[in-house]
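Take a look at this single chain, the form predicted alone, given in structure tokens.
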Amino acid sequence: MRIGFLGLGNMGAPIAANLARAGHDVSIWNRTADKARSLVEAGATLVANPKAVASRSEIVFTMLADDTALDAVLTGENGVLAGLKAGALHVSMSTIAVATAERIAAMHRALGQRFLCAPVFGRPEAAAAAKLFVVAAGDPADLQTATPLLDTISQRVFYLGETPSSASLVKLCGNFMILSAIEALGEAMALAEKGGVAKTQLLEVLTGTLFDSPVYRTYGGIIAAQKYKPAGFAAPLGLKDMRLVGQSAEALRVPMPLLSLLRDHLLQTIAQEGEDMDWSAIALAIKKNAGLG
């Protein structure tokens, strides 16, 4: 199948590599062309701009940092919308606002193009191992078209119905819950450490009893080892996602008191530790607030 892939960051590059390894004709573009070198060596074709990617492809995947970046590759004379043929499919894997998903779906409909919103759960190592979880929403026929490709990069696809923005909302709910779990881990580990119990011991008990799940194992290990660099998911991206959660909460009139705390800890982490820390480094803010050096 002729596939386009736009966005070769920590998540996009391994996803695109898996599609290329599966034997598909993959055209790629990235704002920083150097990031495409390894994919070109793996058989992908680097093209000049997003329009060129779209014009060569039956399906175009986007995996971009935020709504602004997605808009930039979709619109304009060299954007995806200008190059994608009528009846071709755009699969957005980015974490974007509900309103953005609704707007993009309308733009594609107006041009006779197809759109599937399909963000993913999983860190870069899961992307490399093709072990992501996909949450997809859109026309069932579009899901059927994309399913063989989604199966190539994931361990399960969850279908959420015909409204594309439903996938964005579920992804934002999930990211809110992940950061909530990180917050709980950080607080529990600070309490244990200050009381003389090693973080690794606490984590062994937690994951060996009631909290044996990927979120607690992965982020508990990062916090216990304080391995916040290189960031699998950078704190500023986490802050962006919590802002999008807040937009949906305000629009739907849902109070989310914990959300304010999570945003404050992300801001504290970015201010004190820098932009390049993993979002789980909020545990450092919690530790410092507990008087632990």
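The first residue of the sequence shown is number 1, and the count goes up from there. If you're wondering where the values come from, they're calculated on a predicted model, not measured in any experiment.
Another form, the form predicted in complex with a further copy of the same chain, is not on view; read the next lines as being about it.
- Contact check for Glu250: a heavy atom falls within 4.5 Å of a further copy of the same chain in the model of the complex.
- Interface residue remark: Met256 is counted as part of the site for a further copy of the same chain in the model of the complex, having a heavy atom within 4.5 Å.
- Of the heavy atoms in Gly87, none are within 4.5 Å of a further copy of the same chain in the model of the complex.
- At the 4.5 Å threshold, heavy atoms of Leu239 reach a further copy of the same chain in the model of the complex.
- Three-residue candidate spot Glu187, Gln201 and Val205; every residue lies within 4.5 angstroms of a further copy of the same chain in the model of the complex by at least one non-hydrogen atom.
- Stretch 171 to 179 is the contacting one of 143 to 151, 171 to 179, 67 to 75, 109 to 117, since its residues have non-hydrogen atoms within 4.5 Å of a further copy of the same chain in the model of the complex.
- Among Gln268, Thr45, Ser55, Asn49, the residue placing a heavy atom within 4.5 Å of a further copy of the same chain in the model of the complex is Gln268.
- The contact residue chosen from Ser260, Gln226, Ser38, Thr32 relative to a further copy of the same chain in the model of the complex is Ser260, the criterion being a non-hydrogen atom within 4.5 angstroms.
- If you take 182 to 198 and check each residue for a heavy atom within 4.5 Å of a further copy of the same chain in the model of the complex, you get Glu183, Ala184, Leu185, Glu187, Ala188, Ala190, Leu191, Ala192, Lys194, Gly195, Val197, in sequence order.
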